[in-house]
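To begin, one chain is listed below as C-alpha cells, in the form predicted on its own.
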C-alpha cells in the first residue's frame, strides 16, 4: 500500500491535444472537512488507509495542495439530452485531477465533482450540494455491492460554503473513480464539429488504453462499437433485473466502459410498477424504468453515428456495418436479462418457457403492488408462505407458484441449494430513496454523518444478513412516497 506521494500518475488523457479539455485548477470550498472515506475504493488505487489521518489529506484530495503528477482539467463533450442534441456540454462541475496506474496495471481516474466553475459550466457555480453528493456517494457503492458496473467513490468532503439552488444548501465535493470518464457524448462532440482527426485520436486512445483486444481484428473501430454495445446491453439488463432506474439516460451520461455514470434522480423500485418514473423533471416519461432498454438502443445508435467516419471509407458501407452491430443489441440484452431472471428464480437450466414464467410473476406483482426486492428475497426461502402473504390476490400467486414448482421439478432442483443460490442473487438491501433521505436529513440539519457510514457498510454487502439493519429490509414508510427527486438531485 502507498502514500499519496507514491501514487503513480500517468494522465494519458491530458496528453491528448487541446480541444479535448480545458486545463484549470479546482476552487476549494470554505472550511473543508472529511465526511466519509471509503477504504474499499482506496484499496483499488493501492492507497494506504492511514493516509486519511494526514493533516493535509483534505487539501490534497481537493486539489488545494497539488501532488506531483496532478494535471487538473475539465473534459469537453456534447450529447443528446432528453432526445435533443446539445452541441457543447463538458464537465461543468467536475475536474479530473489525474489518472493513477496501479502496480497491477489498472488505471483509475481521480475526478473531483463539485470542484468549482469550468469553461463548460454555462454560467453556473460548478458546485455540488451535500444532498446530491450523499446520494451519489452511497449509490455508486451500493451498485458495486450489487455487482453492477459503476463509478466508485473514494471520499466525500463537506464545507461551510453556501450553494444556491431552490434554497441555500451546504456545498460538498465527491472524489470519484473510474477507468476513465469518457462518454458517448465525447465522441459525438468531435463528430458533429467535423473534427474527424480528433475523433480518431479519441477512439485510438480508448482502444490503446482500455480495449487493446479491439486491435486484433480487421476494423478496430467496429470492434470498439461492438464492445460498447455488449457492455451497455449487459449493464441495462442488470439495471432491469435489480429494479434500478437511472433517471437521466442522456448520451453524455453513458460511459464508454459500460459503467453506471452520473447519479442524479435515480431510484430503485419499491412496488413493481414497470412505468415507474424516478425523475420528476422527466414530464414525458422518456426515461421511465421500462423504457431504459430502448433508450440504451437509442444512445448506442448515437454512438454508432459518431463513429461512422472511422468505420470505412465508403459511408454507405460504414452505415451498414454499424446497423448490423446495432441489431445485436436487442439480442444481447434479452439473453442477458433472461439469464439474470433465471438466476433470480433459482433456475440453472435454460428452457423456452422461462420468459413466460418470469413475465407472469411480474404481471401478478404489478396488479398486487408487491415490493420488487422484498418479493424476490422472500422467494429465496424454502417455504412460499412469506412470499404468498405479500399478495392481496393469493390465488393468483398460487397459480403462478404451481407453475414455478413444476419448473423446479423439471430440473430436479434441490430446495436447500436453490435457496442458497437465490440469496446470493436477490439482495436483501437496496438503497431506497427514503434511506438516503434519512442520511441527508441528519447531515444537513445536525452535521451528523454517522448514517452515511452506517449505510455504506450495509450496502457494500447487500446479500448478507445484517441483524442490526433489519428495518432497512422492510417495506418503506408511508412518508417515503412523498420524496421527490429531479435533475437537481
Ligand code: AMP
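Numbering follows the first chain given and starts at 1. Treat the numbers as computed from the prediction; the structure is a model and nothing was measured.
Note that the form predicted together with the named molecule isn't included here; everything after this is about it.
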Problem - in the predicted complex, the residue from 126, 145, 243, 158 that sits within 4.5 Å of the named molecule by heavy atoms - result: 126
Practice task
Name the residue from 215, 286, 312, 165 that puts a heavy atom within 4.5 Å of the named molecule in the predicted complex.
Solution key: 165
Practice task
With the named molecule left out here, work out from 86 to 94, 193 to 201, 301 to 309, 215 to 223 which stretch has heavy atoms within 4.5 Å of it in the predicted complex.
Solution key: 86 to 94
Exercise for the section: Give a yes/no on whether residue 381 approaches the named molecule to within 4.5 Å in the predicted complex, heavy atoms considered. Expected result: no
Exercise for the section: Answer for residue 253 alone: is it within 4.5 Å of the named molecule in the predicted complex, judged on heavy atom distances? Expected result: yes
Handout entry: 4.5 Å heavy atom contact, residue 234 to the named molecule in the predicted complex
Key = no
Practice task
With heavy atoms only and a cut-off of 4.5 Å, decide whether residue 121 touches the named molecule in the predicted complex.
Solution key: yes
Exercise for the section: Check, residue by residue, if 77, 81 and 262 all come within 4.5 Å of the named molecule in the predicted complex, counting heavy atoms only. Expected result: yes
